[in-house]
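What follows is one chain in structure tokens, specifically the form predicted on its own.
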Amino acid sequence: MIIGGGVIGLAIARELRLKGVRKIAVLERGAVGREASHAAAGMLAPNAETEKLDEFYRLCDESNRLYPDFAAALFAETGVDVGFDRQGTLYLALTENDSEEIGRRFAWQRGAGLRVERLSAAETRRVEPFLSPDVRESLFFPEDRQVETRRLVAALERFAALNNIEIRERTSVARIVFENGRAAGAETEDGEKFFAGTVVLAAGAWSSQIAAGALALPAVKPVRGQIVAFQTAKRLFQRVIYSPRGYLVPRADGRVLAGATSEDAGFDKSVTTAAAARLRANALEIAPSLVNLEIVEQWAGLRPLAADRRPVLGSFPQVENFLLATAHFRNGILLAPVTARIIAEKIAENRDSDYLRAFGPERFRANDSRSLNISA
């Protein structure tokens, strides 16, 4: 049983089915894939976003390397093209301070062996001619990619339908049921009980709302991220484009996504005019060519954040058959393939992973007083 029908829960369900697990149920409090997964911009950018080479970077990089086969397999299984795009990512310098940051980043990443190229202003505008004339230089990350998140959810949902994976929508779980030191199922807010041999908690920002007996689950809080979209007649940009203040994600259909905010707003998914104005301003700094376009869509999602800004993957030693796969924050789409693999390997093959040890819930303590800082 998997609690949570976002991209993480659905990807785990798929991987379990591929490993031969016959009876799989996904319980989702709302509609499948309509929370953070639906709202995400879909950047697969472990290199553009990393600040150091640690275990978290290795997790992100490994998942990024799984994506070509993951996307191809989903297409073969379901006929749904998830919009996997290999064009890479540009990270722009638009001010003197930006150039200083780019210089530092280029030096340490090249020294660490990452694939990164430093482009001049002319080279940058040659590959992306609709960028601002104020571009001073850029870094190009050829191994970063993007995916169309809503198509990804559709493909995973289609796989579930084709493979007899039970999905129960509008089923809000209140607590995990334990018997004799083992997870035995879940009980909904309406008192309905579901029984299972193994329970995976993958409920994203709602993970901390579910009771787990005497277990002290790591605190996971929602962080609102707002995004706006413009519509162009044709695709203006070929790559995902970052600046230190925002990003643009071009879609094949001419849409350009501009994001994103990071707000402590609880479970409020409202969109605001202030956020739209700020996102528009950041987009126009990157590409003044968008100035005559109106915002055609604005939305918000709730990213799940743990205290150390790292995912929670693994189990508790005091109970059996209960695993967590949550708190992916800004990287749920990127980390779906690797999360699915390591969780499914643990369930189906009892295979441990260094990642389960590095990101397990035991790294937190009940008296942990660290604040959940959401600043970018």
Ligand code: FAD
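Don't overthink the numbering: it's just position in the shown sequence, from 1. Computed from a prediction, not measured in an experiment: that's the story for all the values here.
As for the form predicted together with the named molecule, it is not shown, yet the points below apply to it.
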>> Just to confirm the contact call: exactly one of 86-94, 103-111, 222-230, 116-124 touches the named molecule in the predicted bound form at a 4.5 Å heavy atom cutoff, so which is it?
In response: 222-230
>> So the named molecule isn't shown here. In the predicted bound form, which residue out of Phe130, Trp206, Phe194, Phe178 has a non-hydrogen atom within 4.5 Å of it?
In response: Trp206
>> Considering non-hydrogen atoms and a 4.5 Å limit, which listed residue (Arg58, Arg310, Arg29, Lys346) is close to the named molecule in the predicted bound form?
In response: Arg29
>> Can you tell me whether Leu156 touches the named molecule? I mean in the predicted bound form, with a 4.5 angstroms heavy atom cut-off.
In response: no
> Applying a 4.5 Å heavy atom distance criterion, does Ala40 contact the named molecule in the predicted bound form?
Replying inline: yes
>> Quick check on Phe70: any heavy atom within 4.5 Å of the named molecule in the predicted bound form?
In response: no
> Leu334 near the named molecule in the predicted bound form, any heavy atom under 4.5 Å?
Replying inline: yes
> Thinking of Arg14, Leu323 and Pro361 as the candidate spot, does the named molecule come within 4.5 Å of a heavy atom on all of them in the predicted bound form?
Replying inline: no
> Going through 153-182 from first to last, which residues have a non-hydrogen atom within 4.5 Å of the named molecule in the predicted bound form?
Replying inline: Thr171, Ser172, Val173
